[in-house]
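In the form predicted alone, a lone chain appears below as structure tokens.
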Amino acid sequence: MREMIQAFPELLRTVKIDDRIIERAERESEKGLKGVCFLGMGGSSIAGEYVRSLLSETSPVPLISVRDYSIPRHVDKDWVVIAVSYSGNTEETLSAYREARKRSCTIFSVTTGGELKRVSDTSYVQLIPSGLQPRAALPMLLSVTLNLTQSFLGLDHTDFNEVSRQVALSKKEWVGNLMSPETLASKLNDSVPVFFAHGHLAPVAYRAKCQINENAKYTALSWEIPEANHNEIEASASYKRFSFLPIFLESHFENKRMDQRFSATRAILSSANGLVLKIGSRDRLEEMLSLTLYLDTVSLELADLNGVDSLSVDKISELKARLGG
């Protein structure tokens, strides 16, 4: 797992989308579409969440994520669907894929193979390299999913060669601007981290929670501001009692009002000795990915501190066995 996380920047530029797939995606933009629906579960679903949070404010059509067996009724033949499953055998994603096909949606698949490759139209499948844990494949899944979505929306493609370079350089910010991943992991140990974020960093907070769950086999929570200001903030009185540690993922791209919300929330939660994580970046995507790499590394250090195997997913395997494979 350590090698996979260290390869994060390089994986951002590993996959070159087939030109024919890009051409088909651009045709969807030319003929018009009602919306884009991302299918995925677990680590494979995060790519769609990142794309949705990045583009939802400027997209002329709705962008939705589905992490379930079925798709909403309004998703029809005028929608584009991107099914993301690293293994290609994710039960829920395959079920939603079949439902989308019955409704004559245009479906693009992103996978290493498996059943998803078998049932998909070969002209609409982007294969990616296998051999990783699905959660470690986020950089590849994201680069394909974002560029496909930009094609649907008639937007310029993100240059992931440059993004890769900038994310690799961001490690230098860990010295001075952020505590080392090992230090943060030691602060998390014996506490429950609660990640607070807004907008494009909300899925980064969710990703951090998931990585700590899977890599470190450790409880973590994530909350989105401003919604958390209407409910979770009241529960903060118990944070000290139960050793919750609030961690605020703050952006250089927030507006003044959201900065005020974060400041006010930190003041109310001050008795819980919360931490602020903020990293310098040129744009929102680089900020998201730099923080993701940092927090992925923290999850690995926490796993090492607790002597657990970050690669194993015994409980997930047991669940699949109980469900019949």
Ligand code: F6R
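Note that residue numbering follows the sequence shown and begins at 1. Being a predicted model, the structure only gives us computed values, none of them experimental.
The protein also exists as the form predicted together with ligand F6R; that form is not presented, and the subsequent description refers to it.
- When ligand F6R is considered in the predicted complex, residue 214 lines it closely, a heavy atom lying within 4.5 Å.
- Residue contact with ligand F6R in the predicted complex: residue 195 places no heavy atom within 4.5 Å of it.
- Not displayed here, ligand F6R is approached by residue 41 to within 4.5 Å at the level of heavy atoms in the predicted complex.
- In the predicted complex, ligand F6R lies within 4.5 Å of some heavy atom of residue 320.
- Of the stretches 251 to 259, 128 to 136, 169 to 177, 69 to 77, only 128 to 136 has residues with a heavy atom within 4.5 Å of ligand F6R in the predicted complex.
- Contact with ligand F6R in the predicted complex, judged by any heavy atom within 4.5 Å, is made by just one of 87, 158, 229, 186: 87.
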